[in-house]
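Given as structure tokens, the chain that follows is alone and in the form predicted alone.
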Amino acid sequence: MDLSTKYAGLQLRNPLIVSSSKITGSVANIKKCADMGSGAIVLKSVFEEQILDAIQEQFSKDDMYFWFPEAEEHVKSLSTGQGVQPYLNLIKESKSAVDIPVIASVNCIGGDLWVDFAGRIEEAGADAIELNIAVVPYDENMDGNTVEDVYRRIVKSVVDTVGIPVIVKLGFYFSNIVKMSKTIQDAGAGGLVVFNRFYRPDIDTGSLEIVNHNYLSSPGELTIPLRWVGLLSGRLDIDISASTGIHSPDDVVKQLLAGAVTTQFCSTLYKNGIEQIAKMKDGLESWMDGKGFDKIDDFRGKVGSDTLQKAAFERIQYLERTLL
């Protein structure tokens, strides 16, 4: 079977990508993921706050930056690299350890000061950058256009800074996901991950405290990204990667049938071990063999490509049926 695919300009041996998590925060795990057959790795995220804190720490050490503002830009470039040097080391060591694409991940909330760090990520050897942008408007005075412009500005700034592919991991809290996706495409991104699974607070009624016990996805969450993969594929000139709720080979097949170029997962690895990657790859090959497909492109987007199937993805209410 030919499982190879091209994603955001990267050549992958298969569409199975291990998404950003603690699993991808160590070289040992990254090597094991590659050995088990993953097509690419997204490294554990470095947070914008970490980058900015590294800058601020340098400012607080010397009041010269108060009196000489022109020194600020110089220290930004220096301290950014020093403050998150372990992340740059992780990129370099991972690239030396595996022969599959290594994608760096930056968790963004809207600042611009850290953007130069993207260039350091490229210099460290990352094959691409995934921007995990999370701007949730809690301010009633912030309208939708303002939020969308933050995304556009971040993507455009990074695209203009680096020469490697820029991928955006998108949440689904938008009034018009298609328009937002088109905005990201037009800003120069080469890939779109649908969707980001944000922190989901819960309440412990015994301790009366906020807790987070549901940090792993469940297979039942698959249908939200599945709908939008089906709706977005064919409408955009950007590669779509499906994420959230992917736990089995069948889940991978469904997202590819809907039009995804790749699939991303990590919760199933926490539940079943990194060896699950090999099982998902074998299961995908077995399904293709049973259906007579020789390569991924033989069936990618096969479901949802015609008008009636698109309408099924668009439907938001159940059809009424008369019981006889």
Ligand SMILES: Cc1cc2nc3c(=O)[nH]c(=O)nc-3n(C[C@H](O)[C@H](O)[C@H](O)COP(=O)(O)O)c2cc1C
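Numbering starts at 1 and follows the sequence shown. Worth saying up front: this structure is predicted, and the values here are computed from it rather than measured.
The following text describes the form predicted together with this ligand, which does not appear among the structures shown.
- Residue heavy atoms within 4.5 Å of this ligand in the model of the complex occur in exactly one stretch of 115 to 123, 230 to 238, 173 to 181, 216 to 224, and that stretch is 216 to 224.
- Proximity of residue 94 to this ligand in the model of the complex falls outside the 4.5 Å heavy atom cutoff.
- Taking the partner from elsewhere, residue 101 is found to have every heavy atom lying beyond 4.5 Å of this ligand in the model of the complex.
- Using a 4.5 angstroms threshold between heavy atoms, residue 197 counts as touching this ligand in the model of the complex.
- In the model of the complex, this ligand sits within 4.5 Å of a heavy atom belonging to residue 22.
- Shown here without its partner, the chain carries 44, 267 and 270, all of which come within 4.5 Å of this ligand in the model of the complex through at least one heavy atom.
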